[in-house]
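For reference, the chain that follows is the form predicted alone, supplied as structure tokens.
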Amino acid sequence: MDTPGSAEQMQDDEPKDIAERPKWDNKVQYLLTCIGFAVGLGNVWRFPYLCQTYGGGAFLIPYAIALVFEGLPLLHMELAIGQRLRMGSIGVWNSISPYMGGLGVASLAVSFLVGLFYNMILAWILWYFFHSFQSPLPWRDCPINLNHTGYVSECEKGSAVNYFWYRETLNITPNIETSGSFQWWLVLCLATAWCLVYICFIRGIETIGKAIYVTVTFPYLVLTIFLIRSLTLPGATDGLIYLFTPDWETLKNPDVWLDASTQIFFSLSLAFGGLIAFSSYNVQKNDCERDALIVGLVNSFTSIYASIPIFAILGFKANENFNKCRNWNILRLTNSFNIGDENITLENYDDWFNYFNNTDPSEVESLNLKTCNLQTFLDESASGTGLAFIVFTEAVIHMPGSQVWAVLFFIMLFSLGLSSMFGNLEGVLTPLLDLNIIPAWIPKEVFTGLICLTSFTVALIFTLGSGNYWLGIFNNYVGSMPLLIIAFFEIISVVYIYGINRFNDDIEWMTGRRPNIFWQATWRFISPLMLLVVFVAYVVVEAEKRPTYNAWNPDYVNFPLADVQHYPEWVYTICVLLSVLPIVSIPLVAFYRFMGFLKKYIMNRNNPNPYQNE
């Protein structure tokens, strides 16, 4: 390991090409870009789901602990090291120690693989956005069958919303082994998504910096509009009470703590290399500690802020379904007991039901009335694509001016996803450009285009009939364990290889103050330990169960319930490879460097310097 030099000496010795590195136009541009990368689709469709699943307000306790002791220290470290060394992920870790060069390659691989499926989600969002201008919305009613004698049976058994998602959007196959064909409409949407990313990215941070003003600020405007509108909907209060009522018993469940740790970790987009790349375009005299606190706190605030309109709308949807269920029962009771219309209302339904059940229980039983329970409808939770393309689209149908709300919602989702894609692509491009392996005669714009074209070609797998199943695999296996391992080695590299005292000197030189006891304790002990515990817990949890997936199978006996199937062995092998391949570069590069050192050492022993004094 090199002898640590002072920050001033390193500044003097800095190569000219690094000194001439592009810079952000202003501090706001940089912060918005980092916030845009961190704040993504998961803040809208993952965090509210976890809050609901794990005891509402009680989930905020492990979430806050994970943010303070795991998220913020890693975020501060990545912003500081990128700003100090002014390189992408490969250059940063290679300069800290040649043995750690594989860390940058691992971050690059994860960013590339995540970018593949993330942009497919943007393609789906575009598809729904294009259809949101129709009146009525195309997912409101079931289509007529070929004989014009009724509705399509698959839609009747499921619902119009499910049918539009699974059949008309995905044209999904009944299992992952049946690949199906490429869906041309999804191919076009995917090509459009990659073209939009390329246009925004064509000149690096110059064009990103301009686009980010819109892609980051617009979602907050839409969320605020949704917040105001959602709070006026009937049933909104039920959704909010359900979301934030704490169930302290859930804190005894270890899964709560595991999910809280992974959520804050992935939500901040740590270990992708994008944050290191963005901070490398900073001036070196910049308060990176304050930047980390701003980005981390804004990200968490956004998660909570997004939860309020989302669950107010879900409460509205639950009330609509609850009342629809009771109206169906009212109709059955009215016809069976020959009662005048409108005698039984939603307000007095319970009284009438109890009266009939006491006076003529056999007749009531023969009617096969539905069990209507508001809590059951509130329990119909969903995350990810299920929330965006099924639950929320169904709720929008019942809102006045549904087209306007659908258009706003999908523009918001696209803006959130696009700003996160900037970070994913930056995590791929910056390290490759810093390595100077690209011939000088290839313009940066052309190279960026080649990366986007390559990504589009590989991502065509997600436009197959089985594409949704493959996207779930990529999401579960690429964006989980590899990131935990990368982050663990990142913090070990900085603290114990680069040297914590040297790192402290750098931060003092950049910010004018030395990191306090909190940062020292988390970097040295708490954060590495937490990462190790989360990683071991994750491996144990995954090892105890054989992975399954939910298939949409119209021939399934319990359809429209999900047909839960086990992955075939060959697919399970791919799952393992997706977890291992992105990080295999870490030991491979270290081994390669060690062999080079060993070879040089042996050669020096066998060929001693003849001029050396004995």
Partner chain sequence: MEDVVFLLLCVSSAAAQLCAPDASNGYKVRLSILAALGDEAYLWNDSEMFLFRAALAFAMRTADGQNYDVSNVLVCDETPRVSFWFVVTSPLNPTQLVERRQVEEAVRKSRNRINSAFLLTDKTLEFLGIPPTLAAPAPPSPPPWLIVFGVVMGAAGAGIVLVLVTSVMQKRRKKKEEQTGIDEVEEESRAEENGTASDGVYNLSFSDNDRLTQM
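Residue numbers count along the first chain shown, from 1. For clarity, every value in this text was computed on a predicted model and none was experimentally measured.
What follows is about the form predicted together with its partner chain, which we do not show.
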Checklist entry - Which one of 301, 185, 538, 518 is close to its partner chain in the predicted complex, taking close to mean a heavy atom within 4.5 Å? => result 185
Checklist outcome for this item: As a check of understanding, the residue in 335, 359, 181, 501 with any heavy atom within 4.5 Å of its partner chain in the predicted complex should be identified as 335
Checklist entry - With the partner absent here, would 151, 199 and 445 each sit within 4.5 Å of its partner chain in the predicted complex, counting heavy atoms only? => result yes
Checklist outcome for this item: Assert contact_stretch over 91 to 99, 109 to 117, 385 to 393, 340 to 348 against its partner chain in the predicted complex, heavy atom within 4.5 Å, equals 340 to 348
Next on the checklist: Quick check on residue 355: any heavy atom within 4.5 Å of its partner chain in the predicted complex?
Outcome noted: no
Checklist entry - So, in the predicted complex, is residue 131 in contact with its partner chain at a 4.5 angstroms heavy atom limit? => result yes
Checklist entry - Closest heavy atom of residue 265 to its partner chain in the predicted complex, within 4.5 Å or not? => result no
Next on the checklist: Can you work out whether residue 529 and its partner chain are in contact in the predicted complex, taking contact to mean some heavy atom pair no more than 4.5 Å apart?
Outcome noted: no
